[in-house]
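In the block that follows, a single chain appears as structure tokens, in the form predicted on its own.
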Amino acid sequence: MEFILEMPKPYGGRLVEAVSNNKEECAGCPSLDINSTIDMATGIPIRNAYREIMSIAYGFFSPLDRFMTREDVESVISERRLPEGWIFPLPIIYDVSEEEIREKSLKEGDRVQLNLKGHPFAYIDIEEIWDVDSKDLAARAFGTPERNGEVLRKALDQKHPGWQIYRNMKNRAIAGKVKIINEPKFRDPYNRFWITPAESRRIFKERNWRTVIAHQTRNVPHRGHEELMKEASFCGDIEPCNAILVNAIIGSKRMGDFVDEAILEGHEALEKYGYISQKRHMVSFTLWDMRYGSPLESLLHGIIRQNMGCTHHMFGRDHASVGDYFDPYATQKLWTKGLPSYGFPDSPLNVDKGLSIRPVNVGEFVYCPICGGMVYADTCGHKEAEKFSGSFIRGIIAEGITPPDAIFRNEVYDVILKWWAKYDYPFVNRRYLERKEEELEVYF
């Protein structure tokens, strides 16, 4: 594989751009309201398909330009590819109820308008209406220990957020191409960080960023994250990457994750206060209700960041994971040598219709009081060196203990306090998810 020294092409060859701002395209069409996916056991909103519409229409998921048909879903679950052969790891489904189909007399060939919070937003040209077996879908979406035992330790269940999203889908699905006909505006602070793939590519060219490494995040950055970004950006194949693109996942998350606003402004603080140079750092986000799919989710991350123009992507331990379902190094195994049971006999770079974005596999940083700061794990010989986990950090914050500068920059911790004051709690809880669903990140 040749070294990449220039911006890669969008995955699949072109960026999907399906935004017209012409509401007349749906004149006389039947309409449906976009309703969130609700966890049936708790009543908590766990997904809103508007985020998937935004990510499809603005090209983050290119070459995907639609909600999936039954054939698409079966191909993705069985082969982790679209029927056309392009890699795609997880089902993207617009689920509706039988009652909604019947009430609107929807049929294949119709164009259906999708309303968001009472406003026209987008449409789907219906290619297929098909039955969804949510139990089967949840069981198969991420693989099974029997089939994927090299990295999947146990079957996913109701404690896994991604499993819950698929398990709680309604019993029918509408498949077809998607288009936005009324662009929403982003609320503060999201408006400062919304950068589409087309826009990020333009910015990279303007700044002469030939090589850009992506940092996937769902966390406020602690000092370990800061060091990962700094060190990983010097792991390019020939030269240091020109820049770091922080791309946060914004949407409904599991209980206990940091709130989205703090994630974005926390990363912004590293740049604002000079800990990472503004000349080589940019903070952005993708709308997606995270599935916590570990190696499979990493493929989606690779697709998104290649579409944004990144040449490299850092992958760490427990990437996009939760609990102990996946091997903590599953993602690094996938990007290094492949995972045959998922359809990848080699790295996603080296298979037919593979990705171009290059992986930079990174380890963990630990704090060593003898060395006087963060060091790469196992690179110093001091037994005093200790790692600090995300759960440990969240625990001390929840107890009202101010973390030392060795864990959080003071300016980053100030961001946590700011949003703690607004939401009365620093992490995602039921009230936050309900408020997020009520307001969303956008308005008209």
Partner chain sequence: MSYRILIILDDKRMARIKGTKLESYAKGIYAGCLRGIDIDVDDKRADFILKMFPRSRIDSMGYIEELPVSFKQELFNALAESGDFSEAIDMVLKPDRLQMIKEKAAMEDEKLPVPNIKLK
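Positions refer to the first chain, counted from 1. Not measured: the values here are computed from a predicted model.
The same protein also exists as the form predicted in complex with its partner chain; that form is not shown, yet it is the one meant from here on.
Residue heavy atoms within 4.5 Å of its partner chain in the model of the complex occur in exactly one stretch of 398-406, 33-41, 46-54, 60-68, and that stretch is 398-406. Not displayed here, its partner chain is approached by R431 to within 4.5 Å at the level of heavy atoms in the model of the complex. Within this chain, E386 lines the site of its partner chain in the model of the complex, having a heavy atom no more than 4.5 Å away. Its partner chain in the model of the complex is approached by P369, whose closest heavy atom lies within 4.5 angstroms of it. Although the partner is absent here, D378 lies well away from its partner chain in the model of the complex, with no heavy atom inside 4.5 Å.
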